[in-house]
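Just the one chain here, laid out as structure tokens, in the form predicted on its own.
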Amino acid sequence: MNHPSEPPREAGRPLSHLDRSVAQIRSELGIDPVSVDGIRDPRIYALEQEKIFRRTWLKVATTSELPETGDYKVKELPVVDTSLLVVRGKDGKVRAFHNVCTHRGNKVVPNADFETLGRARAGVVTCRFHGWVFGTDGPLRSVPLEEAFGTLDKACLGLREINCEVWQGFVFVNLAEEPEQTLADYLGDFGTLFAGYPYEEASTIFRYSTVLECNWKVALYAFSEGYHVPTIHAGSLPGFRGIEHADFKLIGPHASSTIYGAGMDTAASTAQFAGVLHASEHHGPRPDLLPPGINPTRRPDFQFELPNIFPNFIIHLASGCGYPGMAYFTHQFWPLDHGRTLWEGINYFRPARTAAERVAQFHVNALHRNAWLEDTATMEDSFVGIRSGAIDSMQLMDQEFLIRHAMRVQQSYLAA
């Protein structure tokens, strides 16, 4: 294990993605305006479905959502025209299957929304249509009136399994029949750099979602830069003293950067609730838990790290240094079609141990929800403007490096 003061290494070599200057990043990504065709053209969205979302690893759950044997999550993925069943089997392993009965194609486990959590009893799930029973590890266990089928090879009629792997408690799937890379290879140095943080200890979750009338990349890009913060968040952060968006890291298809901030003047109630969490050893700032290489000089104004996992998942790793008591929060952007996106935002805290801590978490969570309402309010307007044809390109500044990088990676996948 590296000493915290040492740069992270992979197989004895230092990671080369740290400490790059703005000039170096500019040289790699360019400074010219970028085309909006990737957002505007529905034909490109059709290519993205096949060449990106059916080929890359997609985060679909966390192991903390499936703590017990039989716990499952149904996840709807319209972008790849399927419904997933992610379930923890009797052997403790988390697997993913197409949520499709091999009898007539009905969903085995019905869902109430884009995602549904539940628990399978006795290690099996049963299709509600005709009662076919499947083990949570996939095999077809029993069929009502089996003798009436004449012949039925149950060994070939188990749930259709999907490639599923876990990194740091995040469950990923790959819809390709044979993925081009393992999840570890896909994450590469990113997986090394951001490993080791105790993500699973932040098991108190506040989840929000909404359907936005915009292309998924409009939403992704909006949450990938800090340039917008002083303007769009003037309402929820009135005493805001500004941020520094820096330390950009380009790591294969993935990227990250760091948000530093000078703090803000808060209402007395917010200061009181924040004080409850900041004063707690359990919830207070823990920069020492951050992986080596993240805020390596331990700047006191560190707010959070902004790791983007291609194509559609963002983690904001704060370790209590940004929003009081918040370990991290995530965004994910699921295309529903070319012009509609399911946005999911989740705040993660360590479990409260007292009523005061619980109330303080509710308060912080509400503040963050308000900021997200401001963020999401811009996206549909941006999409209307881009679709109008009034502009053909976007002008991007240094704090928008992650957008340039994401666009470059998207283009490389589409060209492959």
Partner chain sequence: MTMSHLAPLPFGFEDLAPFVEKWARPTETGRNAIRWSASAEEFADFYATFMPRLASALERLDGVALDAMNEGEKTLFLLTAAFAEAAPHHELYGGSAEVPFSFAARRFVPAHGDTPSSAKAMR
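Since the structure is predicted, the reported quantities are computational estimates derived from the model, not experimental observations. Residue numbers count along the first chain shown, from 1.
Below: the form predicted together with its partner chain, not depicted.
Shown alone, this chain has one stretch from 32 to 40, 383 to 391, 51 to 59, 353 to 361 that lies within 4.5 Å of its partner chain in the predicted bound form by heavy atoms: 353 to 361.
Contact check at 4.5 Å (heavy atoms) against its partner chain in the predicted bound form: none of E244, S319 and Y323 pass. Taking non-hydrogen atoms only, W372 approaches its partner chain to within 4.5 angstroms in the predicted bound form. The closest non-hydrogen atom of D189 lies beyond 4.5 Å of its partner chain in the predicted bound form.
Put simply, D113 is close to its partner chain in the predicted bound form: some heavy atom of it is within 4.5 Å. Although the partner is absent here, Y72 lies within 4.5 Å of its partner chain in the predicted bound form, judged by heavy atoms. Checked against its partner chain in the predicted bound form, the residues S209, N106, T126, T82 give one hit for a heavy atom within 4.5 Å, which is S209.
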